[in-house]
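Let's start with one chain on its own, the form predicted alone, as structure tokens.
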């Protein structure tokens, strides 16, 4: 079962992006029991390949020692907010829900794939070549 969880987490991490995200705030008390999932998600989203998808995204960490419940606040570029109360959620559940919302709001979602034609590569008929007599 641990292998399946690792494989699913790896799959989500490879596809994760932060294009529609403006800010992510992690709030937790490190002395409480149920904070491992929020710490794991924070370290996962702090990976360079994920941060490069939107360099304008702000990751803010609010570490408290007042028995605050762990939570993640996500602010999107369109003004919408998403709150995860992560006390009873696993890392996989948080990443899965976050990926669903990020994919839904992705500004590149409606763009078609880039087509490479001969003309765009410069290999089509047009100007360069031998003249025929």
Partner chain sequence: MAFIWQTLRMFSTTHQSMGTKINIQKPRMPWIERRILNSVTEPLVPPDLRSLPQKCLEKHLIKQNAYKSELQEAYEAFSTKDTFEKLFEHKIVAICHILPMTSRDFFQVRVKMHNAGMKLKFVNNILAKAAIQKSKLQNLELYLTSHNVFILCEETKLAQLMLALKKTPELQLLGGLVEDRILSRAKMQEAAKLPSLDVMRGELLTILSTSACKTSSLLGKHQTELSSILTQLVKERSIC
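Residue numbers count along the first chain shown, from 1. Remember, it's a predicted structure, so these values are computed and weren't measured experimentally.
From this point on, the text means the form predicted together with the partner chain, which you will not see here.
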Does at least one non-hydrogen atom of residue 46 fall within 4.5 angstroms of the partner chain in the predicted bound form? yes
Interface membership of residue 105, the partner chain in the predicted bound form, 4.5 Å heavy atom rule: no
Can any non-hydrogen atom of residue 93 be found within 4.5 angstroms of the partner chain in the predicted bound form? no
Using a 4.5 Å heavy atom cut-off, state whether residue 79 contacts the partner chain in the predicted bound form. no
Spell it out for me: taking the partner chain in the predicted bound form, does every residue among 69, 88 and 97 have a heavy atom no farther than 4.5 Å from it? no
Heavy atom contacts to the partner chain in the predicted bound form at 4.5 Å, residues of 51-76 in sequence order: 61, 63, 65
